[in-house]
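Single chain ahead, by itself, as structure tokens, in the form predicted on its own.
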């Protein structure tokens, strides 16, 4: 039975395509694993919705993952994570890994203790990142910016557009005024524009993507439960509730689309 469980897929959920940045880190960290990704692109973004609505959507996605027999679920979405992954843990057989807030990495990176958080309004509003960081070092100031324009532009494949470039400049300028030297990408969509953000911030600012820390948490959990695959060839199935063709194009910015199977699903 344990061998059978070990061969089950790792489920990865997100409101849209942002979680593909986490999937990339997971595949790199655990190359022998099978992954099943579900992006709710038909209803993205989640960051502007109510807590009750997000909870209902997450329940549908996790039920779908239960039906598909995953051995672990990675909530590759900060909005879902700060909502409380315990909501998922309570009713399903698999372990749940939420997005890391990369507190250790942040504290190691910042020199002037001014830290920026780029995230959705929902994530910024919870204060979750600030609380965890200040629990370790109360002297650190965390300046949150709700980057509401990013997700629709990224999901719409508007890379290089004047609208996206203007949005990047707008949000970067806010944090520059706070003299931050470290910035957390608190939404899994934002690594899609990491290079542009880095260029606008300049070399004096360290940008931290929590995806790598999240992947380490996922691997550690599987190792602890004896479910980590250490041999065999990994595979990946990517499912979207919306336009699969668009999702595939966006996936090409993070993964090798030829190495993935793409499907459309209905929740």
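In this text the structure is predicted, and so the values were computed from the model without any measurement. Numbering follows the first chain given and starts at 1.
Note that the form predicted in complex with a small molecule isn't included here; everything after this is about it.
Partner proximity in the predicted bound form: residue 187 to the small molecule, non-hydrogen atom cutoff 4.5 Å: Yes, residue 187 lies within 4.5 Å of the small molecule in the predicted bound form.
The small molecule contact at residue 154 in the predicted bound form, heavy atom, 4.5 Å: No, no contact at 4.5 Å.
Among 42-50, 62-70, 227-235, 27-35, the region lying within 4.5 Å of the small molecule in the predicted bound form by heavy atom distance: Looking at the partner contacts, the answer comes out as 42-50.
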